Ligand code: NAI
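Below sits a lone chain in structure tokens, taken as the form predicted on its own.
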């Protein structure tokens, strides 16, 4: 059954201690959810929990440290949610890294980092939580954060980021119908510029993926990026996500700045597509 009311629901938000994730957490708490923040950074977790101190809100929020790439840790987190809450109702696969660097300098370490977090973290969420979300029979919803970069042709230094986010988008599109038949709604968040910490990729890269990286210089430069005053506030994104959960909206698009580029890419694919079905195509 779809989620028609957020009050009393249990939500698990990865990357929930800052930026977009914290904006989503804030709104879900305001709308009556019990929210568990899962985040890699202890400092971000401490800052986030401090924001909910007092006014009765601290009882609605808890947190745990989680590397979304660690399948065993994710399985343990899911077991903890089952034991404490009888399973979760809302999963927000928000944790991600804004990886950038010259394509010709990219190494396996860079691909493993970008795809490991942005795609692997999402898949780990689905695999770890779907069984309990279906089994408890309350229905539920899964939101996964992709990016508007998934819908346009990006510069080559964004190749890993764009490709990993496109994978998230296509996966969620494909599974939406089957999950819906099992009472689980699916939404894809496609954000543009949001006030977040996604540029701090170098602080979140694990040690074993540092030494051979070809992106050391580009990540250091990215870490100095200043968040624009005109960028969207995370709470605004949170409200968009909450409404999308209630309406089982597939796409949550925060900005229209890439609309012409999105249309151009889609048109290029259509222009390359034959108007008549090829009669000799087999196996499809």
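Please read these numbers as outputs of a predicted model, since none were measured by experiment. Positions refer to the first chain, counted from 1.
As for the form predicted together with the ligand, it is not shown, yet the points below apply to it.
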(request) Give a yes/no on whether residue 191 approaches the ligand to within 4.5 Å in the model of the complex, heavy atoms considered. (result) yes
(request) Give a yes or no for residue 91: in the model of the complex, does one of its heavy atoms lie within 4.5 Å of a heavy atom belonging to the ligand? (result) no
(request) Indicate whether residue 156 is a 4.5 Å heavy atom neighbour of the ligand in the model of the complex. (result) no
(request) Examine residue 187 and determine whether its closest non-hydrogen atom to the ligand in the model of the complex is within 4.5 angstroms. (result) no
(message) Within 4.5 Å, heavy atoms only, which of 33, 63, 40, 252 is in contact with the ligand in the model of the complex?
(response) 40
(request) Tell me whether 29, 141 and 244, taken together, all sit within 4.5 Å of the ligand in the model of the complex, counting heavy atoms only. (result) no
(message) Looking at heavy atoms inside 4.5 Å, which stretch does the ligand contact in the model of the complex, given the options 103-111, 82-90, 124-132, 161-169?
(response) 161-169
(message) Within 4.5 Å of the ligand in the model of the complex, counting any non-hydrogen atom, which residues from 5-32 show up?
(response) 15, 17, 18, 19, 20, 21
